[in-house]
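First, one chain by itself: the form predicted on its own, in structure tokens.
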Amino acid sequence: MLEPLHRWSREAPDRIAVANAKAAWTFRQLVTRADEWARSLREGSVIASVLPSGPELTALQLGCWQAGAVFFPLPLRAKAHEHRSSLTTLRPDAIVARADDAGAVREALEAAGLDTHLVDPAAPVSLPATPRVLPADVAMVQLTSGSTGRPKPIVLDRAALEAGTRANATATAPLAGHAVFSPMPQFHAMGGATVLEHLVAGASVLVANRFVPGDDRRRMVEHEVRCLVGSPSYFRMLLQLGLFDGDGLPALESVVLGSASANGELLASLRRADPTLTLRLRYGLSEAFGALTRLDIAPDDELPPRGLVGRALPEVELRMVSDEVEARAPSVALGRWDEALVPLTSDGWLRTGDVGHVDPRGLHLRGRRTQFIKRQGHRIDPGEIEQVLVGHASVREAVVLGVTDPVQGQRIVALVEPVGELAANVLIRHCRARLTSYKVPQRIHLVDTIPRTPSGKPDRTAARARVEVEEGT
């Protein structure tokens, strides 16, 4: 993975490699800084990062791999108790954080009684050698999104990173010499993979640390961004704010949606906003680096049916066991870390927890096994109800959950983020007109904002906690 970046630093040294709103580094600057980091690190050490998305984080990541150290990206704006949970599980040898962002990290270290080195990127120090904890060839530990429970550290070796990057090369190769915009945080699995995939291809990757619509649009226009990668919620916000209106983004050729399933109405809205765009869907997991499937929808193609996420990428195999999707690929992680390495597979196949089916068009997803609702003997897909809810013109986002009920097994409760004025009974009528009676929510709670993970996905764990408070359960 490092060789292509060194090649780009020789062939296009002054091309922007990674940029955020405050700094833009060329390929030459990025490789030079990575070399500096590599000289201060030691093979086998675990280096945590609490840095903004952008050039410095990328250089540290590359420097870790060059030195044979393990890169462990952590959320920039996490609270002390959240950092403590992650740090006590893996106990990194050093944490790189700017002075302005180090307060919560320092508090977490003190509370946990850890003597981990806290390093300011403005004044890196040479760290002592430490005993290796993780297996040889481990390159990164990636936290899961936490959307279905406490984030878990996933252990990825070099082979997984290289395989995941290689699998998506046909989509990224045409972007060499052009700009890509990704607002997804780099510590997140998809956000981090997006940066590396496009860097290796020779593209310039623009990232963001805050959602400032006018600034995002200005940067995309200024750098003639060809491809925009984001979560469905990000694209909904762009559409609602009219960022595609008028001249919009004149150089934009494609958008890539990942991190959560996209519903048909969102795809239709994007097509109406700019009929010239190629729409790309990707499906992946924190437990495997990069994407497992991809679906390319050309401007003249029909929009796909709900849940279709495309065919498996090269070197990826999919199978169904009952109705659960299992995947086998060289990009699958070695395991998760829980004081020791816990393998994710016993026979090479990763149980994804996703329910669906495969046909000649590819993989169709219906939701998570743990999210299905059992009511009055029926097995109900909450995603179907969520799609009906967001189909209402006054709904921005919806999360549907099953709450324990002594008579029905579970009752259906929805958290809805409205646009403007909206009454719950209006949505109940909307659902009754479009769903079988047993799928209609018994209760709808209108909320200012639906809890989200840092990647933009609805945070179902936090949503469930909120529903339990609202329902008094």
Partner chain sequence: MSALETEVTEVVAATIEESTGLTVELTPETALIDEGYLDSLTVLQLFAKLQDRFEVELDMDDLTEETFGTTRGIATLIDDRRG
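Positions refer to the first chain, counted from 1. Computed from a predicted model, the values in this text were never measured in an experiment. If you superpose the two forms and keep the largest set of C-alpha atoms that fall within 1.5 Å, you have the rigid core.
Keep in mind that the form predicted together with the partner chain is missing from the display, and what follows is about it.
J.: Using heavy atoms and a 4.5 Å limit, would one call P213 a contact residue for the partner chain in the predicted bound form?
T.: Yes, P213 is a contact residue.
J.: Report yes if any heavy atom of R166 sits within 4.5 Å of a heavy atom of the partner chain in the predicted bound form; otherwise report no.
T.: Because no heavy atom of R166 falls inside 4.5 Å of the partner chain in the predicted bound form, the answer is no.
J.: Quick check on R39: any heavy atom within 4.5 Å of the partner chain in the predicted bound form?
T.: Flag for R39 set to no.
J.: May I ask you to check whether L241 falls inside a 4.5 Å heavy atom distance of the partner chain in the predicted bound form?
T.: Looking in the predicted bound form, residue contacts with the partner chain include L241, since a heavy atom lies within 4.5 Å.
J.: Quick check for you: of 384-392, 264-272, 342-350, 232-240, which stretch puts a non-hydrogen atom within 4.5 Å of the partner chain in the predicted bound form?
T.: Contact criterion met by 232-240 only.
J.: By the heavy atom within 4.5 Å rule, which residue out of H178, R396, R217, R132 makes contact with the partner chain in the predicted bound form?
T.: Contact with the partner chain in the predicted bound form is made by R217 alone.
J.: Counting any non-hydrogen atom inside 4.5 Å, which residue from R311, K152, R375, R158 sits next to the partner chain in the predicted bound form?
T.: The residue from R311, K152, R375, R158 that makes the contact is R375.
J.: If you look in the predicted bound form, which residues in 415-437 sit within 4.5 Å of the partner chain (heavy atoms)?
T.: The stretch 415-437, when checked against the partner chain in the predicted bound form, contributes N425, I428, R429, R432 at the 4.5 Å heavy-atom cut-off.
J.: Taking 2 Å as the cut-off, check whether the CA of P441 shifts that much or more between this form and the one not shown after a rigid core fit.
T.: Comparing forms between this form and the one not shown, the P441 CA shifts at least 2 Å.
J.: Answer yes if the Cα of Q376 shifts by 2 angstroms or more between this form and the one not shown on a rigid-core superposition, and no otherwise.
T.: Yes; that C-alpha moves by at least 2 Å between this form and the one not shown.
J.: Superpose on the rigid core, then tell me if the C-alpha of L427 is displaced by 2 angstroms or more between this form and the one not shown.
T.: Comparing the forms between this form and the one not shown, which are aligned on their rigid core, L427 does shift its C-alpha by 2 Å or more.
J.: Given a CA distance change of at least 3 Å, are R429 and L303 closer or farther in the predicted bound form?
T.: Farther apart, which means the C-alphas of R429 and L303 are at least 3 Å more distant in the predicted bound form.
J.: Comparing against this form, do C431 and L303 have their CA atoms pulled together or pushed apart in the predicted bound form? The difference is 3 Å or more.
T.: It is farther: in the predicted bound form, the C-alpha atoms of C431 and L303 lie at least 3 Å more apart than they do here.
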